[in-house]
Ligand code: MSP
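This document starts with one chain, in the form predicted alone, laid out as structure tokens.
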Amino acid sequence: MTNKSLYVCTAIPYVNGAPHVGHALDYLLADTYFRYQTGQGKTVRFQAGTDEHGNKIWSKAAELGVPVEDYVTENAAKFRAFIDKLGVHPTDFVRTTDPAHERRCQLIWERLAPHIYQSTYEGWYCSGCERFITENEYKETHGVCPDHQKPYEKLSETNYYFRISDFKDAIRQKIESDELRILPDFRKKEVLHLLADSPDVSISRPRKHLSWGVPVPGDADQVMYVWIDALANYITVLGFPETDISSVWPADVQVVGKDILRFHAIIWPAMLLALDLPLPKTLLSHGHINVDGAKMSKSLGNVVDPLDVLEKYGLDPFRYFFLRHIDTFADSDFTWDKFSAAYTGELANDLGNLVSRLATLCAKNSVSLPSSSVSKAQAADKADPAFAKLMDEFKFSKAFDYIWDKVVALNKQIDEDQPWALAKTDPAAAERSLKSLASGLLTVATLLAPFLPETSSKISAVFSAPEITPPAPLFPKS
């Protein structure tokens, strides 16, 4: 039997708008785990993609006066370029307008047929969420979607429905037993509460109301709704159902924002159970990024363009702030002042100055590390059980804090040892100190590799060289 590859998935964004920092967080969290596991010698598949069907996209293209096919192609290219700017390189990229994806979605629909029925429904609908709202939700939100700040519409339609009720007990058992692990733990309780009240889900729309989508097999008047189309991407990109995907599926982790967790924790498992496929091992649900304590909103004018941050500070400082100072699981706050303070006080002072000071002292005292010490330091992440535990539990911001404790400790050690003074009275002791410090910094560089790949490579290149030479400042101060 072929050994299973690890599989890391990201939620696919709609292409009716520009990439934002929430998208960046999806990609960075998934990329960090991908880099960590490949660094451990594992074979890893890494999926990303774009969600290109639906009325929101059709309407936006019409508003701009461009053919919808051209609109989605142009915006999909923008997302691919954005992912590349983040230093993220998925092994698999899917567009839901790919002919292969559309064909496989229709085959999946046919396999789901025993759990699909047609019914007329009258109820509340959110065009932003692209879903029907229960009467309880309508009352709780006073008829206004909290995410899109728009009143719900009253619709009456004949659609196809997927019978979630067929799978509720099985989904509950798998969540409660952690066979489907939902992180953080408090989200697990939320999902179980939602599952109890979860209705059967509409999976089609009349073509007269939704023309831009995958046709329903055998019914020219209906078009697949977002859930079958978009959620299926995680397996269609692997070739399902035309290909045996058991060497890759199930996903080891699927990274999603908290606002779409319910769909990934209820509808998606129901689809997989109906297809007789195993469920993902972990759903990692991250929080939202607020700005100055307020939710990002175009109307408030506080939307942070990730490209602005990348242009001003560069890639690794971007990755540093969003992987360390944005909590992996909880809502967190971004301000330009916080970002600047982290760049100057932590990256430039704590790490950048340490690298510069230590390299200068090693060069001045003709100190370098033997290859055996370099190899030992560079294998550090494989032999550090505390770090491995944090990474295996997807506690990335805490793992980053763990690394930074080592940076702080090295700064403390260099101040306490004072190798520049020792060199005048005890050159052998100075050499031992500098070698210990250099070895420790190489260990830090190895641990940093999943988080700050460019910085990790630069530090490793300096301190593993036969002759240590001071580098240019890693994080220049403006």
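Note that the coordinates shown come from a computational prediction; the quantities given were computed from them, not determined experimentally. Start at 1 with the first residue shown and count on from there.
Beyond the structure shown, there is the form predicted in complex with the named molecule, which is absent from this document and is the topic of what follows.
Undergrad: Using 4.5 Å between non-hydrogen atoms, is H288 touching the named molecule in the predicted complex?
TA: Looking in the predicted complex, residue contacts with the named molecule include H288, since a heavy atom lies within 4.5 Å.
Undergrad: Taking heavy atoms and a 4.5 Å cut-off, does V72 contact the named molecule in the predicted complex?
TA: Flag for V72 set to no.
Undergrad: Though only this chain appears here, would R205 touch the named molecule in the predicted complex if you measure heavy atom gaps against 4.5 Å?
TA: Outside the cut-off, so no.
Undergrad: Flag T236 as yes or no: does it have a non-hydrogen atom within 4.5 angstroms of any non-hydrogen atom of the named molecule in the predicted complex?
TA: No, T236 sits far enough from the named molecule in the predicted complex that none of its heavy atoms falls within 4.5 Å.
Undergrad: Exactly one of H264, R181, R324, R104 has a non-hydrogen atom within 4.5 Å of the named molecule in the predicted complex; which residue is it?
TA: After the contact test, the surviving option is H264.
Undergrad: Scan A399, M224, L358, A230 and let me know which has any heavy atom within 4.5 Å of the named molecule in the predicted complex.
TA: Selected option: A230.
Undergrad: Spot the stretch among 64 to 72, 415 to 423, 439 to 447, 24 to 32 with residues whose non-hydrogen atoms come within 4.5 Å of the named molecule in the predicted complex.
TA: Going by heavy atoms within 4.5 Å, the stretch is 24 to 32.
Undergrad: Taking the named molecule in the predicted complex, which residues of 11 to 34 have any heavy atom within 4.5 Å of it?
TA: Stretch hits, in order: A11, I12, P13, Y14, H20, G22, H23, L25, D26.
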